[in-house]
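In the block that follows, a single chain appears as structure tokens, in the form predicted on its own.
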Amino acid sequence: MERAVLKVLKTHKKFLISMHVNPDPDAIGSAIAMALYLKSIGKTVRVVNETPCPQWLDFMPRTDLYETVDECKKFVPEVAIILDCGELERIGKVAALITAKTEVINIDHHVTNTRFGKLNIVRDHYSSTSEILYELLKQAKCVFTRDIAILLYLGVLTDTGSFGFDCTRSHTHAVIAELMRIDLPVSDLYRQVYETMPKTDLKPFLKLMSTLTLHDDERVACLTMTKKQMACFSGAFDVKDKVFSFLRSVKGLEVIVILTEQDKKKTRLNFRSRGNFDVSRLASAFNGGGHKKASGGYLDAGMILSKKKILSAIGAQL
């Protein structure tokens, strides 16, 4: 499959690169790294997402290449490379740029991936899309610049939870070892990701955490966030990531759920688990997917009803 993908990269000229809405460092890192490689071999490339680049990830190299779909309406690509998406629908409005003639390449590591591309490189046993992309770019004889190395490093770092999740394998560390040959500022990158909470976000965060509820013999933690609560936080702070990071350190918790109000009749769902609980199975029942220990979905329902349905489904699965 890699050979077929590399052939497409070599023979076509105009490329659209996209990833899931509300992207994380793995999605952004792999997308921009791919764009930098394609630009280095003379291709026309646009990196497009439905949503703006999160403010807290502005420190990542070359985010100037990142565009929203409204800025890119007239671009007609020969090839669309979709990174870090379990299904095509997750790129949102960017899908409108893909025509019947567009060749779609799907590169991903989610266990629930639907193999929606004409060409699919899906490695659900890999830690991250960035880890997969490192191998592909190496086969392409890519010159790993410092920017490309940092982008891929950040993707692996965050999707492995600083190399603490079960998805971290010996191959993951081997890839990191190769990237670190380029003299990456690893301490600074760690601080940029994990140690830059603005002081103005501290009190809203503590207030939000005080609303946490525990269920099923205190094995399940559930947090609901309304639009009003979300508006209390700055764009320089990833509140969900901080909630999950904090709760993973609590002994005895098996499942963590965050419900976020999208509107009065739609609720976004994010799941994390410890032990043997499979949240990808849970997410599949709620219009989503992902990994065994990190998944998401949504419900066409308000927060109260959504919480009731989610907790019922978790209790049954436990």
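Residue numbers run from 1 along the displayed sequence. A quick note: this is a predicted structure, and the numbers were derived from the prediction, not measured.
Although not depicted, the form predicted together with guanosine-5'-monophosphate is the subject of the following passage.
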Which single stretch, out of 286 to 294, 30 to 38, 49 to 57, 63 to 71, brings residue heavy atoms within 4.5 Å of guanosine-5'-monophosphate in the predicted bound form? 286 to 294
Closest heavy atom of E87 to guanosine-5'-monophosphate in the predicted bound form, within 4.5 Å or not? yes
Would you classify N270 as touching guanosine-5'-monophosphate in the predicted bound form, given a 4.5 Å non-hydrogen atom cut-off? yes
Which residues within 126 to 140 place at least one heavy atom within 4.5 Å of guanosine-5'-monophosphate in the predicted bound form? none
